[in-house]
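The chain below stands alone and is given as structure tokens, in the form predicted on its own.
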Amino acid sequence: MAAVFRTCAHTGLKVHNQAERLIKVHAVAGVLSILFGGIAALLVLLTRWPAVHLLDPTNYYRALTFHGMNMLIFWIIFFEIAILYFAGPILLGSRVAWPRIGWVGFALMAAGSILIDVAILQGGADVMFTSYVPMRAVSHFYLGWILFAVGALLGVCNFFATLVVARAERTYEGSISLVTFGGATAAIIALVTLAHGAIIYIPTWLWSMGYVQNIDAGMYRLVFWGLGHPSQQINVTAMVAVWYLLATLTVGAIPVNEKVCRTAFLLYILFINLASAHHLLVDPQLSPAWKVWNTSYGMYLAVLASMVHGMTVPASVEVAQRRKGLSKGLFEWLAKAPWGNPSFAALVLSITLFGFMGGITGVTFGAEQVNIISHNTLRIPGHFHSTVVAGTTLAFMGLTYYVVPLIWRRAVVWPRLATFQAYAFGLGIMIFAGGMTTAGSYAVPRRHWDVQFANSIFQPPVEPAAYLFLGVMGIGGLLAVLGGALYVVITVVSVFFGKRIPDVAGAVPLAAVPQDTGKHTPISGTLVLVFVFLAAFIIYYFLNWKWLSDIWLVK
């Protein structure tokens, strides 16, 4: 069957009809997942907040499991596969290599997510996101994991096959775009990650049906964290690729040095999964040398990559703005940026919150010594809400406001409300994660249903300040839930009722934007922001070692 293409009036991109359809179904599944996960998030929030304490223990852990699966896995990975179908066939002007395989992969992912959600709602899988053995769920919970992982793997393989097709059919000139390169990096990490998921859940599925008598808990944890943490590293890599794309779409930015950016993506492939080690620091089967290497020297190379991206994306925005004449002082380029554009607002909030909150806390809590006093407290969920939610989810939300016109050919309804949505969600998550992380500094536990341990024989003291910051967490969480609900409403209404955008001839493709004016443009404003970030990093890192020294008294 011959490939059918159209030219997008919004971006000038050449769109293969099969890629368009696959993006649609994956994006819809992602939005449904964030809707379901958001409802569960509200229930968990109102239980974690001592002033409300809504759910009983059973329903709390059920809602927590449902929230974790839908947000950390389904929403993110469905959307990431949609991004791969965008970064491959659409950005390269190519056809999808294996359309039927793409649909099979989506069907497996959808079936797997439904099986998992049904198992949880039936009360057969109150095992939380990690589902550590010897806790046992019903068999179709593990079968759902296997189907979802295999389906996502098919989507990833389809992306790589499409790269081969695009190269063979010469649909682009020179090297692939930086966004496509970032997508390829995320896809490589996804191959390793999803393979771990399929590997660990096959014997666990057999164990749940009684065909395997025992699953070693240490082995399970080791292999699971080859899935559990790296799945968030797929998010980070895809998020960075979206940053570069949004910078181009919103202000016409061009990467300041593509070789450096691509090298940073390469460092992600080689080193980013080492951060998984911080989940295994108390496991006795792993040597101290392995733990030290993975939580320090090796991991810092991945940190270097994130710092490179954290500088090059804002720098590209600064250069683009200064070349438009916004070059007075250090920050005119930033002050007169398109802050009313919801995608630009989402881009800046995503970079800022991911860097100043998620990045700094991640490196600090990942260090072996500090990790021991932080890992089982609310500081860890505070950290990953700063990365996966404030970083990845917010970036994906910003991209949605371009995907709707590009793929559905509908204008986004209520643009001002969309801008408010980006700010509400970003600021809500900032307050929520800040309150959660600070409450964790007062040893508020990470997973326990009742931080006050009201009905326990042993009742550890809870500092009064912890209640204050749990209240801050609750208020920020409500604002973030409002922002998430608005995102779902705006997206759905835009898809069904937004003004139609007809395709027109003569649109200028993004690839035709001039790559360089031949004139050096300073990035002095970005350099100031980078040094502010480094100062914040040093201060927070030092404070954590100070707090650690207060606990480990030496006489």
Partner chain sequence: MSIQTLKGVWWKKVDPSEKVWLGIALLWCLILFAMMPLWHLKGGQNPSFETYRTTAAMFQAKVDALVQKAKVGEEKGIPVIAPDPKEDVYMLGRLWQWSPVLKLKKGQTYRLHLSSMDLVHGFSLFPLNLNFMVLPGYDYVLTITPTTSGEFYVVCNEFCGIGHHTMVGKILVE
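Values in this document were obtained by computation on a predicted structure and should not be read as measured data. Positions refer to the first chain, counted from 1.
Beyond what is shown, the protein has a form predicted together with the partner chain; the following relates to that form.
- Among heavy atoms of residue 387, none comes within 4.5 Å of the partner chain in the model of the complex.
- Interface residue remark: residue 254 is counted as part of the site for the partner chain in the model of the complex, having a heavy atom within 4.5 Å.
- Not displayed here, the partner chain is approached by residue 262 to within 4.5 Å at the level of heavy atoms in the model of the complex.
- By the criterion of a heavy atom within 4.5 Å, residue 322 is excluded from the residues contacting the partner chain in the model of the complex.
- Across the proposed site, 28, 409 and 499 without exception lack any heavy atom within 4.5 Å of the partner chain in the model of the complex.
- The partner is not drawn, yet in the model of the complex one stretch among 387-395, 330-338, 131-139, 97-105 has residues with heavy atoms inside 4.5 Å of the partner chain: 131-139.
- Among 308, 413, 485, 478, the residue placing a heavy atom within 4.5 Å of the partner chain in the model of the complex is 308.
- Of the residues 523, 63, 34, 45, just one reaches the partner chain in the model of the complex with a heavy atom at 4.5 Å or closer; this is 523.
- Residues 523, 527, 530, 531, 533, 534, 537, 538, 541, 542 of 523-542 are found to place at least one heavy atom within 4.5 Å of the partner chain in the model of the complex.
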